[in-house]
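Take a look at this one chain, the form predicted alone, written out in structure tokens.
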Amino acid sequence: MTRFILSIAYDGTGYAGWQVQKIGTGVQEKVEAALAQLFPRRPRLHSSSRTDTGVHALGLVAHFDIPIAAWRPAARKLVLALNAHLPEDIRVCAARRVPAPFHARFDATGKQYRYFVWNHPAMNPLRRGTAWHVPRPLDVPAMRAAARVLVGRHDFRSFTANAGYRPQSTVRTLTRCDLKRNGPLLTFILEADGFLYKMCRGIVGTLVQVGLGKFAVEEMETMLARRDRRGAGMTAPAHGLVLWKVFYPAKIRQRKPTG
């Protein structure tokens, strides 16, 4: 067998998240259907992440296994072949062979999400599917100060929603929580060793409410300490969130497959 990894981008508007769903269509289902058109064994994808309904991705990583003899051409031709069987709102951006021990989820060391807010009285119609419209003026310096409080290793229970199961731990290390402004477009950049269910959206929603004056910067530490979702701010809408990239150790990125 040989293992391939795919870098996948998609507009999540029309999908019930990444994972195959009992109700609704997941992006994974579409990509696996495209793989089935090329490989009779219908390989199963193993992904780095599970995005929620309506969330987008630019760099989700997934791997699959096929017999060595099943694909002889260059990996770039696999990209073209898969995209020929995918809808226009899903695209495989890159593919390559990797050693069999590689695992898209368990070898990941971190992820970066970006969240977009359009902060102007009038919504940009070209951004309506990829940014949250907040028409009232926001205090950006206060939001940046509040974001800095969250950086580090904390229990983020106050910023996660109920996923229907109890996670082993709600402690995560947030290594980056930046806010950049380009005119009315605000970009939140969050990097961590892992994210809890709706954690990014809980953080962004709370920071926006800081910008609106609902919470003071000094309240952020209290929110973390309470470890109670009711003690933090709102959950931002799904359509402003993008899984931007997944991080792997350099030795894995550089290692070449054998055989």
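In this text, all values refer to a predicted model and were calculated from it rather than measured experimentally. One-based numbering along the sequence shown.
This protein has a second form, the form predicted in complex with another copy of the chain, left out of what is shown; the following refers to that one.
Stretch 85-93 is the answer when you ask which of 100-108, 173-181, 85-93, 147-155 has residues with heavy atoms within 4.5 Å of another copy of the chain in the predicted bound form. Interface residue among L224, L58, L45, V217 relative to another copy of the chain in the predicted bound form, by the heavy atom within 4.5 Å criterion: L58. Taking a 4.5 Å heavy atom cutoff to another copy of the chain in the predicted bound form, the contact residue among L185, A161, V140, M123 is M123. The closest heavy atom approach of N119 to another copy of the chain in the predicted bound form falls outside 4.5 Å. At least one heavy atom of A9 is located within 4.5 Å of another copy of the chain in the predicted bound form. T130 belongs to the set of residues with a heavy atom inside 4.5 Å of another copy of the chain in the predicted bound form. Of the heavy atoms in V242, some are within 4.5 Å of another copy of the chain in the predicted bound form.
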